[in-house]
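The chain that follows stands alone, in the form predicted on its own, written as structure tokens.
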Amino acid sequence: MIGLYAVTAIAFLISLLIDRERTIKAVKIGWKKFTKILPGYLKILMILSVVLLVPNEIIARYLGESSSYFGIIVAGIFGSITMMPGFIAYPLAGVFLDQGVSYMVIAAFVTTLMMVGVATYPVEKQYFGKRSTIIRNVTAFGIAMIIALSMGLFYGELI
């Protein structure tokens, strides 16, 4: 990591020597983008911190291997009502995996998180209509469950 910082610092200094104005303009643009992304990264840290505070026994009890079907349903419901982008969900899935949660349950969580939008229902209903929104979300939940069960079959967690 220190090597990466050193390379970045050297590249920055070379850029400053070549064209000072463009370098400062690029830093300003980068700072603007960083401040836009920062709240998302802070959410990652908060969610990961909360998950890390939950004892492994509780996660294993509700989402672990011994409760595979119940874990799929819980993860599917939790993923459906939660709203977070993939760059937050994937590290969180890694934390779940480290704590002994099965691939099948993680697949249920991540796929419902990406495909089902209970939190975004009011906005979606406004653009696509109530019926279309409900059909899309129910269908997406069903497909997410099929994907989770397929992952369970693939990794041998169902047999």
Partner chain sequence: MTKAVKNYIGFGIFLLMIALSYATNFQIGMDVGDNFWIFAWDMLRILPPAFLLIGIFEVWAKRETIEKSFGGVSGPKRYIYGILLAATTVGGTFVAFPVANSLYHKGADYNSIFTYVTAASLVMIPMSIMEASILGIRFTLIRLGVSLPLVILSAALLGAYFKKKKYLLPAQE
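For clarity, a rigid core is taken as the largest C-alpha set superposing within 1.5 Å between two forms. Positions refer to the first chain, counted from 1. If you're wondering where the values come from, they're calculated on a predicted model, not measured in any experiment.
Beyond what is shown, the protein has a form predicted in complex with the partner chain; the following relates to that form.
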{"item": "4.5 angstroms heavy atom contact with the partner chain in the predicted complex for Ala93", "value": "yes"}
{"item": "4.5 Å heavy atom contact, Val7 and the partner chain in the predicted complex", "value": "yes"}
{"item": "The partner chain contact in the predicted complex: Phe87, any heavy atom under 4.5 Å", "value": "yes"}
{"item": "Contact test in the predicted complex: Phe70 vs the partner chain, heavy atoms, 4.5 Å", "value": "no"}
{"item": "Those residues of 1 to 22 which, in the predicted complex, come within 4.5 Å of the partner chain by heavy atom", "value": "Met1, Leu4, Tyr5, Val7, Thr8, Ala11, Phe12, Ser15, Ile18, Asp19, Arg22"}
{"item": "C-alpha of Asn137 off by 2 Å or more between this form and the one not shown on rigid core", "value": "no"}
{"item": "C-alpha of Leu153 moved at least 2 Å between this form and the one not shown on rigid core", "value": "no"}
{"item": "Shift in CA distance, Gly86 and Thr8, in the predicted complex relative to the form shown here, given it is 3 Å or more", "value": "closer"}
